[in-house]
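Only one chain is included here, represented as structure tokens and corresponding to the form predicted alone.
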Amino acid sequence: MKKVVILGGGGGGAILANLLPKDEFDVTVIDKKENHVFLPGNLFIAFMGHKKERYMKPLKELLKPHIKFLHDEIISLDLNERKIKTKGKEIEYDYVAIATGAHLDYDAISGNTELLNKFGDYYSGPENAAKLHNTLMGMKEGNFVIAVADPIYMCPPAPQKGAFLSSKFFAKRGLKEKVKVILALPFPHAYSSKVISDIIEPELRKEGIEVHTFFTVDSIDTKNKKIFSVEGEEINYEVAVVIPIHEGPEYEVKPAEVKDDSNYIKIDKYTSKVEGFDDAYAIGDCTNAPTSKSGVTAHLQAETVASRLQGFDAKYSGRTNCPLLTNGTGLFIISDYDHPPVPVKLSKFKRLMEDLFVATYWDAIRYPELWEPIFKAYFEATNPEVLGKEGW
């Protein structure tokens, strides 16, 4: 039996654990949280008023019975000695997979922690998403600002999704003329990819959403309700959400060289192996892989690692499939390491596909081997090379 320890029980970690055959692997998952959270659900909690419990489940229930779950906090990982220290234990392993996600550093931008504590947000968790919903319910006029502190963050379309969903929220409450939704981004366009930006910009204008480009948040003056950018611009707000600086794992990892300047774990982008180690992998938002930090990335990397641990020469292509929702329509941002985002069309059908994905999420985590053929067929049919310039 190969002893595999997985650090983190998010989408990638849980899928990887459930994919490893119980007759070959002794699997332990370590996570400091008892509940697994469906992160995109934070948007629906914040802007649609969904109950937070809808997007949370005990992690132990999502893992197959033979998998050990250790509810504990990771203190350090020594890759040379194959040892993991938690607050309560020291654990050895044959293979380790790091899947602890990105650390959100609200203190990196002056005023952002105060902003979070006052209004909530839809990035840090269901509780703060519910807090943001209550904040917006009390808003009667002024600017609602969604701004981005750094170009690298989880779920690249989340700022735009938040803008569309909040615009619909205020329209339903009859505040369309009194509350202005402002989207402030560090890119030259309304999305990091111009191909996608050209598709959604007309929709943003139609909704009356004001877009500020080349706006990288530098500081927040919570007393005077102003957000300042590195580029020298300022925006007034009544309520604001600033997507914080993202970093890799906070806990110590030895040797230190396997982390980059932002603490992200350095990996081979195709195999997910930690640089310099054949017995260590890292998947999802904690890595420096040059692809989007999204659930699909973690899912496909988990499949790759599970296959490699079983002796197959599997590789991850860098495939993305990030949903972007407007008011009633949707699209998927599809790319891989060799192809930039392909042209896509907004449609009601793609919006429905996102709802179907939400409905099947928990089952796909618990039984990934049953859903793998379905996802594989979809990814093959929507391969960026297949879609080409004609898009979808």
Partner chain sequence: MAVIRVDARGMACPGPISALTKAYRKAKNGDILEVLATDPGFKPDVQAWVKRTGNELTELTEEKDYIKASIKVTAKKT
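This one's a predicted model, so the numbers in the text were calculated from it and none came from an experiment. Positions refer to the first chain, counted from 1.
The protein also exists as the form predicted in complex with the partner chain; that form is not presented, and the subsequent description refers to it.
**OP:** Check whether Ala163 has any heavy atom within 4.5 Å of a heavy atom of the partner chain in the predicted bound form, and answer yes or no.
**Re:** Heavy-atom contact with the partner chain at 4.5 Å: absent for Ala163.
Subject >> Heavy atom of Ile75 within 4.5 Å of the partner chain in the predicted bound form >> reply: No.
Original post:
So in the predicted bound form, does any heavy atom of Val230 sit within 4.5 Å of the partner chain?
Top reply: Flag for Val230 set to yes.
Original post:
Does any heavy atom of Val145 come within 4.5 Å of a heavy atom of the partner chain in the predicted bound form?
Top reply: Val145 lies outside the contact set for the partner chain.
Subject >> Segment that reaches the partner chain in the predicted bound form - one of 281-289, 193-201, 165-173, 303-311, heavy atoms within 4.5 Å >> reply: Residues of 193-201 come within 4.5 Å of the partner.
**OP:** Find the only residue in Glu238, Glu207, Asp218, Asp268 having a heavy atom within 4.5 Å of the partner chain in the predicted bound form.
**Re:** That would be Asp218.
Subject >> Position in contact with the partner chain when the complex is considered in the predicted bound form, options Ile84, Ala149, Leu132, Val274, heavy atoms within 4.5 Å >> reply: Contact with the partner chain in the predicted bound form is made by Ala149 alone.
Subject >> Members of 179-209 lying within 4.5 angstroms of the partner chain, judged by heavy atom, in the predicted bound form >> reply: Contacts from 179-209: Pro186, Phe187, Pro188, His189, Ser192, Ser193, Lys194.
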